[in-house]
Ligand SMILES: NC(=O)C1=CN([C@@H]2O[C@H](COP(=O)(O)OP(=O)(O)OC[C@H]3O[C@@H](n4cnc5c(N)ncnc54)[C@H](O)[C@@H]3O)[C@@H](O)[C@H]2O)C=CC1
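Take a look at this single chain in structure tokens; it is the form predicted on its own.
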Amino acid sequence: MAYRRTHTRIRPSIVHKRCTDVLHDPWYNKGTAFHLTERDRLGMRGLLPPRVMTFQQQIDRFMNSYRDLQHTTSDGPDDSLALRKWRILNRLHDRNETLYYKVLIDNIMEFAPIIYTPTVGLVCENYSGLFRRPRGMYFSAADCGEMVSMVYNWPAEQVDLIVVTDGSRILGLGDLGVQGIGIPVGKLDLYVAAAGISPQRVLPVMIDVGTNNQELLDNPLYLGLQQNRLEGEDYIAVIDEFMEAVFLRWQHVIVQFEDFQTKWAFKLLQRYRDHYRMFNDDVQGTAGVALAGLFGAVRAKGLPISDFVKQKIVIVGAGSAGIGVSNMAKKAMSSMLGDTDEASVQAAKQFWVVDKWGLVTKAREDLDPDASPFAREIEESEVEDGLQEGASLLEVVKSVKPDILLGLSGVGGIFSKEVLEAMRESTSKRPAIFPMSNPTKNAECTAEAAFQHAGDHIIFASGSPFQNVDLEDGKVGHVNQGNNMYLFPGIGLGTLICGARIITDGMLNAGAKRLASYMSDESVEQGIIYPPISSIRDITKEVAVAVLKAAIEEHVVEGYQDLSAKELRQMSEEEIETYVEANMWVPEYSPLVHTI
């Protein structure tokens, strides 16, 4: 039987607590919105002011308070103001999750930069001093042998999504140890807001294997293990035990790896991806969003997507994100060229990868195996001016005259005035400049610098938010933010509600292609290649539909809840869209019923 959406009233929630215990539980607390009969039922009469407020009145009250504080502190330093805004939202999250997520969804454009990039970087740097209330779970090297029992300490019977980090490479800030927990918390807030995953079924996780950050080790307020990081088999053993433990209790959970240092990101992805429902957002999510932007840049030049195979791409950064983008873009080119070994070799020739030692070539000693497919042959005749191993970024740009310059280096300002001016000489009709590193201080260049030095005809996309740039003659330099939140919530939602046993490259590529096609031709011609964050729930739904359909085509679906794999495969396009939307949680107060 094909899926049919049914309209039902909000289902009651069963609680095993009463009185102030409910008021102190953010999952169930409604504050002043508890109606009188519910107050009587839960033993709350007299514990709240007598007036019953509506949901909307509560939203308005919070936003008025937020605006007042924002106004009175607007003259302070930017970092201080950002942290104050984060604290305001965090306090609301601590006391009333339903109201928090409603406020977040309704104001996602304003609050996304606070709960995630770029403010989350500040939060992680200062986490030991900001810590007030535990959120999520902490597994450490000291817990080896106990993780199977530890997972049962989490109160939720079912967890749909886990975001996990080991704190080794937080954004572009490096090793922040246990303070990296802010990343999983922020990512899962976006999962709830964008994908409608129930906040009661998500779990942020920190795996603490120590830190090599001496400043943290010397800090008496640091909350993590005060030891150097585990390495080798000892490290692998901790991650293995964690994965076995969470999938033992929650067989259908999806685990998203986040901000693991490069040397482990690829190894862990390859170790687990064929056995568990997991993916790495830095390797695969960043790559998918960047690929969608690359397709958009081709469209903005007035070219068919098939001309992507002709684009000369310089990628700055050979970490997990840089190589992840290179791999996905190369696979897309190879597929367009016929998906043969020869096509793969031909596609690789369109890439020049530059890391902290310069241009990556076959002549490099101790060449990273992950970067090897993109290492240039130093004798290649098509490389002008005799580029050699270790050539500087400026030398590469001047020689190659790339169509696209993409940064995932984590080095702020590396797209210097000279590099940007060299991009003016690109043979492309509209060169694309993508400084994708986070947080803002690590962006390879600012939007203003890019338009000033590279020209007002460029296509610009960044990882951190920048304002549009006013150009001459009243024109506007459009700034696009290539944020991973365009993709990973849809990947998670689509995978979850079809019960895919693994997350395949085909599912990821389908999501990226749908994101790339989301913008109208008219918008793309103006240089707008990513949609506004305000449309994030609709974007996520579209990406989830594409991911689900790809999973069906690749025969990896196993069904979800009471819906079988066979029923999923029988759905029409319209029914799939309805099914996805019906499974997106909406923040509404549900009636509470107390039982012993």
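None of these values were measured; they are calculated from a predicted model. Just count from 1 along the sequence shown to find any residue number.
Beyond what is shown, the protein has a form predicted together with this ligand; the following relates to that form.
Chemist: Only one of K441, R95, K356, R135 gets a heavy atom within 4.5 Å of this ligand in the predicted complex. Which one?
Modeler: By the 4.5 Å criterion, the partner-contacting residue is K356.
Chemist: Considering M147, V123, V411, A375, which brings a non-hydrogen atom within 4.5 Å of this ligand in the predicted complex?
Modeler: The residue from M147, V123, V411, A375 that makes the contact is V411.
Chemist: With a 4.5 Å heavy atom cut-off, would you call S426 a contact of this ligand in the predicted complex?
Modeler: Contact check for S426: no, nothing within 4.5 Å of this ligand in the predicted complex.
Chemist: Taking this ligand as it sits in the predicted complex, is M436 near enough to touch it, meaning that at least one heavy atom pair lies within 4.5 angstroms?
Modeler: Result yes; M436 sits at the interface with this ligand in the predicted complex.
Chemist: With a 4.5 Å heavy atom cut-off, would you call N90 a contact of this ligand in the predicted complex?
Modeler: No, N90 is distant from the partner.
Chemist: Could you tell me if G322 has a non-hydrogen atom within 4.5 Å of this ligand in the predicted complex?
Modeler: Although this ligand is absent here, G322 would touch it in the predicted complex, with heavy atoms inside 4.5 Å.
Chemist: Just to confirm the contact call: exactly one of 282-290, 342-350, 518-526, 234-242 touches this ligand in the predicted complex at a 4.5 Å heavy atom cutoff, so which is it?
Modeler: Result of the contact check: 282-290.
Chemist: Could you list the residues in 156-182 that come within 4.5 Å of this ligand in the predicted complex, counting only heavy atoms and keeping sequence order?
Modeler: Residues within 4.5 Å: R169, L171, G172.
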